[in-house]
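Quick setup: one chain, the form predicted alone, written in structure tokens, and binding and motion questions come after.
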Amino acid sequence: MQEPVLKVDGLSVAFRNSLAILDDVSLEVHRGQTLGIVGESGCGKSMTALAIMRLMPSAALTVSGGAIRLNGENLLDLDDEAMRAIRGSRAAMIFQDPMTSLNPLFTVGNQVGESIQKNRQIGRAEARRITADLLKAVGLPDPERHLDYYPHQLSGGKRQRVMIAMAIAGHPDVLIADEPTTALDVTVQAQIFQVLRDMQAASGTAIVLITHDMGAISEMADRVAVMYAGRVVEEGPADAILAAPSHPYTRGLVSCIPRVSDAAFDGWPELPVIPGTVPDLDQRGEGCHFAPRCPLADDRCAKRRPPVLHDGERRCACWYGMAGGQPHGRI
């Protein structure tokens, strides 16, 4: 099998006061593949993305272990200038909120065109023409007119399309999309996902899709990594995990997906919920971080870190051996 485009190996990130945010995170994604990273708010999804792009606030956070390899090159070994050359060309990111990511003082044409000029060393007129082509590719109507718009003149869906155009302008090897459809209606969400699929089919870009939406994982992801409190608790083929989740946390997430078949004539049934919340950094303890919320947990779960169990293409970090989504007894 070919080498992964992006391989995160044992990545750990901590505050300067040693409180761990990410704990031994390992992920990989191959050319033309989409890896979904899913979990509740506060599980470390966005921090993983920022760590990969080396956009963490260095005054407060530090990488305490691991490696981030892009086509075999460890990004953690690069200086700031070398990393700036990689961003937007070999690795790009679509941020969660385009209104705060786009500069309100510059037009769409200026912002996307600047990214193109940086990566292709061409003149302004040619960059403007390519920008119009990109805006058309991401589904903006009348792209030439939108070149002269400012971000505040665009709807949320149009701003997100501009962000996608900026991200794909450099034909990156890997594209990280952090909640790219947050607060957008389902029609716009479907359009944006189609744009990403078309771009991936045309260029073979590897996509890392960060979301809390299991429906988005079902639609977009080839593989899925489930994160909880800074750790990857389950990872494997998306269809297999959605059909038969192994980790109790993943099973809870999947059970919360509403299904039309569950509807009754007198209304929708009450959806299952996972009790409790993701623990604060200083409340995570030494054992399984999910133990306080887990229906299967016992004293061992609370006191000792669970092993990572492997089953073919799947892995799961749980003191209960899991197979096919069913408890397989204590190990």
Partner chain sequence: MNDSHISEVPSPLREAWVAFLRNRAGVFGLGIVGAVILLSVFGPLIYPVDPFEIVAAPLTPPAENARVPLGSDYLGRDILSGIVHGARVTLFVGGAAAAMTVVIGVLVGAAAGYWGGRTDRFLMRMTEFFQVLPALLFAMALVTLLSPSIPIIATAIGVVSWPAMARLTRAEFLRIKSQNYVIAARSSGAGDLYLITRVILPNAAAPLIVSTALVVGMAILFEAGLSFLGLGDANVMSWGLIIGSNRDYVIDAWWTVTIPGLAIFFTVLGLSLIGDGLNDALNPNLRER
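Note that the structure is predicted; figures quoted are calculated from it, not measured. Residue numbers count along the first chain shown, from 1.
Quick note: we don't show the form predicted in complex with its partner chain, though the next part is all about it.
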property	result
Site test, T277, A297 and K303 vs its partner chain in the predicted complex, non-hydrogen atom cutoff 4.5 Å	no
Per-stretch contact check against its partner chain in the predicted complex, the hit in 222-230, 245-253, 184-192, 90-98 (non-hydrogen atom, 4.5 angstroms)	90-98
Non-hydrogen atom contact L55 with its partner chain in the predicted complex at 4.5 angstroms	yes
4.5 angstroms heavy atom contact with its partner chain in the predicted complex for D173	no
Proximity of L102 to its partner chain in the predicted complex, heavy atoms at 4.5 Å	yes
Partner proximity in the predicted complex: K158 to its partner chain, non-hydrogen atom cutoff 4.5 Å	yes
In the predicted complex, the residue from D239, D133, D77, D148 that sits within 4.5 Å of its partner chain by heavy atoms	D148
Partner contacts for 277-308, taking its partner chain in the predicted complex and a 4.5 Å heavy atom cut-off	none
